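As a starting point, one isolated chain is supplied in structure tokens, in the form predicted on its own.
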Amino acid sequence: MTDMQTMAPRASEPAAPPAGGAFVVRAAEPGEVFTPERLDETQLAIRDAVREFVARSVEPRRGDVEARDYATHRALLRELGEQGYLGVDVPEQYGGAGLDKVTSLLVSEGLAEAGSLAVTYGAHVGIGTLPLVFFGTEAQRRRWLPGLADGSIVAAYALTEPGAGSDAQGIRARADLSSDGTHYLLNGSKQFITNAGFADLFTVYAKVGGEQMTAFLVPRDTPGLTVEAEEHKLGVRGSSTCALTLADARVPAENVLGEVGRGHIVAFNVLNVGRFKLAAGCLGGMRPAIDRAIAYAADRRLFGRRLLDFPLTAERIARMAERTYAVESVTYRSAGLIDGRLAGAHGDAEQARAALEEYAIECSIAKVLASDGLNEVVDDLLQLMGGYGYVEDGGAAAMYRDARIHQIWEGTNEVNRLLVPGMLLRRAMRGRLDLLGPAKRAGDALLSPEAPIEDGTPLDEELRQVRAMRTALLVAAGIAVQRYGDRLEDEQEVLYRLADLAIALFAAESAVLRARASGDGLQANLARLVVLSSIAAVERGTAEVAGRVQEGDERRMTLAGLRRVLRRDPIDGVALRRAVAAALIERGGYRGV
């Protein structure tokens, strides 16, 4: 029995999970929102064990990891496998631990401080292993999953091509069935494949007959498969990234993963969980950046004072914490939603796929918010450290470089932003989510006074502002659909802003509900800052949407109504940020939140 199986927690079970995207049309109930404060003792023990693994096993070998010593990467993966961390998402009957998604999040988050090994791990357990978990036949799972779970087999995922990245269905790699039907011949090339330098098993996408996108399981020793030289990258330099060449690569017919012509289903579902796990990894990099900023500013002296004592330093630290709190609240909420759908599934792959597809919108939001947030936080760290941040020995330079890739892979943030309103509208058209009724009511709300929320609990005003943001988003979406109809997909600038409105709403609501449940003063102030930034973004975004889709008196009436709905009493943001920074300093960093 592995360490992870010994510590296996109960699944997190929020009350009756709502439909994916429902946050756009209705307020969430407190019981629907999973927060870090609801982690049980076993989950906390797993989180601490992962951090201890990084300190004990990775730190002494960090130089080898970052030098792309494949033997070190494989050895550390094997150690992770022996302790059960590679099999978190693998059902127990195939050698895994079959744990809940919150625990999966904790492991990815804890390994974020492992540098390039975190990339190796993430590619292996996420997009490398999950295609088999979700779509493999019984024979395929029994053949490969035990090795993937214990680390004796390393996985990679080969979708991207030189001419097809975010446009997954634009791949040109071709697969042709042999005349006797026993195998396929794969031809083409793949690019930017993580773990390719030492992976044993590739999930490769190609079009059967040049038309039917299909996934194939391709072992490294397949004749006709060539792994090209390593790419020289801006960041995560210790991870392996190579191109693949397929020249009549002979793949047995039984290695088709899923169904012929249904490879896009495999790809899109796997990318959903990849985005969710990426958000967890980003979060794992944000917290230590804040702690490092506080430690550096406490030691650095300027003009006879600690850097930490300057008000602008406090403002920067508070801004870093605000972004981290928003990402943390959204990521844990999303994990709780998925676990709520999986309650009672007992490792059923079909139910797992359905849960991930249900919350594809939330996964995209978490990915965008987290990757943007990580880049902003490490940029703040580097700026605070000045020249010491810019030189390699300071520690911030590597964090700065490594953070940048997260806005690109698992679908660029531009693509993910476009996916959010696109998925919402498709669900509305298919009757899965009622957007029309709420949008009409939101339009009516522009003309009528809004009742305050006064239930005697903290953050009443922030909850009212969250409700106002929802109204503004629905109004903006409604007038955009009314103006463009089916042509809205060509108005990418409008879709982009609608996505940002949805992201702001989800972040603000998640932060406020979490802070209300915690009863913690610091969390309440962090939630106020999240709302302050979010509502400002909503004001800008709705104004731009209205400016694009309406004209004349109609535009003026909409903007006047939105200003009234989004009204807010001025607050002293300077004092709020100073209070947040002081509390973080007193608690010794963000990990005390």
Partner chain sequence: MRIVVLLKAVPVVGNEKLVDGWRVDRSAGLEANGNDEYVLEAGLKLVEQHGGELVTLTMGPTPAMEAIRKALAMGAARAVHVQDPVLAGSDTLATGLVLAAALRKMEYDLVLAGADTSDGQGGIVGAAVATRLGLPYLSYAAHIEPDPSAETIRVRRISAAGYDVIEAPMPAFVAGTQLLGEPRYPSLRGIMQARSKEIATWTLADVGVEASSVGSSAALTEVDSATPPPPRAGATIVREAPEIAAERIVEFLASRRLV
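Numbering follows the first chain given and starts at 1. Values in this document were obtained by computation on a predicted structure and should not be read as measured data.
Not on display, but discussed next: the form predicted in complex with its partner chain.
Only one of 299, 486, 350, 211 comes within 4.5 Å of its partner chain in the predicted bound form through a heavy atom, and that residue is 299. For the options 559, 67, 45, 536, the residue carrying a heavy atom within 4.5 angstroms of its partner chain in the predicted bound form is 45. Not displayed here, its partner chain is kept clear of residue 128 by more than 4.5 Å at the level of heavy atoms in the predicted bound form. In the predicted bound form, its partner chain sits within 4.5 Å of a heavy atom belonging to residue 82. In the predicted bound form, at least one heavy atom of residue 393 sits within 4.5 Å of its partner chain.
At a distance threshold of 4.5 angstroms between non-hydrogen atoms, residue 553 is out of contact with its partner chain in the predicted bound form. Between 291 to 299, 311 to 319, 245 to 253, 184 to 192, the stretch whose residues reach within 4.5 angstroms of its partner chain in the predicted bound form through a non-hydrogen atom is 291 to 299. Within 4.5 Å of its partner chain in the predicted bound form, a heavy atom is found for all three of 56, 88 and 107. Shown here without its partner chain, the chain has no residue in 125 to 148 lying with a heavy atom within 4.5 Å of that partner in the predicted bound form.
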